[in-house]
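One chain comes next, on its own, written out as structure tokens in the form predicted on its own.
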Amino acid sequence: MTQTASVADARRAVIPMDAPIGAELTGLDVAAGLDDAALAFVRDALHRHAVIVIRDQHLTPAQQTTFAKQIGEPRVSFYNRYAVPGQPELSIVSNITENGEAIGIADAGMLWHTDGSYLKTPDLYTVLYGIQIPERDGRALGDTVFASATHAYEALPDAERARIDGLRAIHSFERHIEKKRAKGQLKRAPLSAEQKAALPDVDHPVVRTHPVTGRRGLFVTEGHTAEIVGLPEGEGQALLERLNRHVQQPAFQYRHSWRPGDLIVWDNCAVQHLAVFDYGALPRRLHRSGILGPVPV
């Protein structure tokens, strides 16, 4: 190991948040690239804490894409309408309009969800970089709230865990859009017929086993889960509502207050998340990359 690498290693630290999940990582310059030791440091912290925050980064879109590719295989979003120019692996999350057109997805995260659960192979990780963060009276707005699906599952009574183990649930992007429309939250362009055909409903286990850590966690969400397979509609909806209320409890949460230059990576097997829309028309822009994961088991 070179002296430069030794100094870099000495500066690295994991600072757990005052929450059941989440940690800040220090001593990393993502723009400069990560060597094997730094990448192992990031992965270990991610699997231990489920949400990692790397502050004060200065990334070009290409550098963010390079980092995402070190984490895993980035997924090119079907919403390529909102891709960063020249970087199809990155999607723009923003309420900004230019020439009367939205430059990004303005309604992302309005309901509790796990990224890509409506796909056969959901996103394993998400990489989100804060570029323009709204403020009011010196306070950052547009927080992201994370809830530990793992802690929530482990906190269930034994009888409830026994009841849901082995059950499967339908995840549907089309019905997710309908939920947003019904709540008056839909702000994105409607799905085309081709997009709908490319996004059929899928079923996943209600309780998912993490492909790396082996820990189990709830894998149903308010936003994307439509029904429980094999249960009468009323019984299934009552179970979903009960599980959703359970996982959304503050006891399982970390709430992130954004700063420009924040780079966050989270584990979609272990957490759900929700965006806070308290900034109105104040401009906000982030760049997102989803990392392809395996079929949930």
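Start at 1 and count along the sequence shown; that's the residue number. None of the values given here were measured: they were computed from a predicted structure.
Not pictured, yet referred to below: the form predicted together with a small molecule.
Trainee: Only one of 169, 218, 90, 93 comes within 4.5 Å of the small molecule in the model of the complex by heavy atoms, so just point that one out.
Mentor: By the 4.5 Å heavy-atom cutoff, the listed residue in contact is 93.
Trainee: Pick from 113, 151, 210, 75: which has a non-hydrogen atom within 4.5 Å of the small molecule in the model of the complex?
Mentor: That would be 113.
Trainee: Quick check on residue 19: any heavy atom within 4.5 Å of the small molecule in the model of the complex?
Mentor: Close contact is absent here: in the model of the complex, residue 19 is far from the small molecule, nothing within 4.5 Å, heavy atoms only.
Trainee: Would residue 108 count as touching the small molecule in the model of the complex under a 4.5 Å heavy atom rule?
Mentor: Yes, residue 108 is a contact residue.
Trainee: Applying a 4.5 Å heavy atom distance criterion, does residue 275 contact the small molecule in the model of the complex?
Mentor: Contact check for residue 275: yes, within 4.5 Å of the small molecule in the model of the complex.
Trainee: Using a 4.5 Å heavy atom cut-off, state whether residue 288 contacts the small molecule in the model of the complex.
Mentor: Heavy-atom contact with the small molecule at 4.5 Å: present for residue 288.
Trainee: Counting heavy atoms only and using a 4.5 Å cut-off, do 128, 144 and 284 all touch the small molecule in the model of the complex?
Mentor: So, yes: the whole triplet contacts the small molecule.
Trainee: To test your reading of this chain, name the stretch in 236-244, 56-64, 267-275, 42-50 whose heavy atoms come within 4.5 Å of the small molecule in the model of the complex.
Mentor: Flagged stretch: 267-275.
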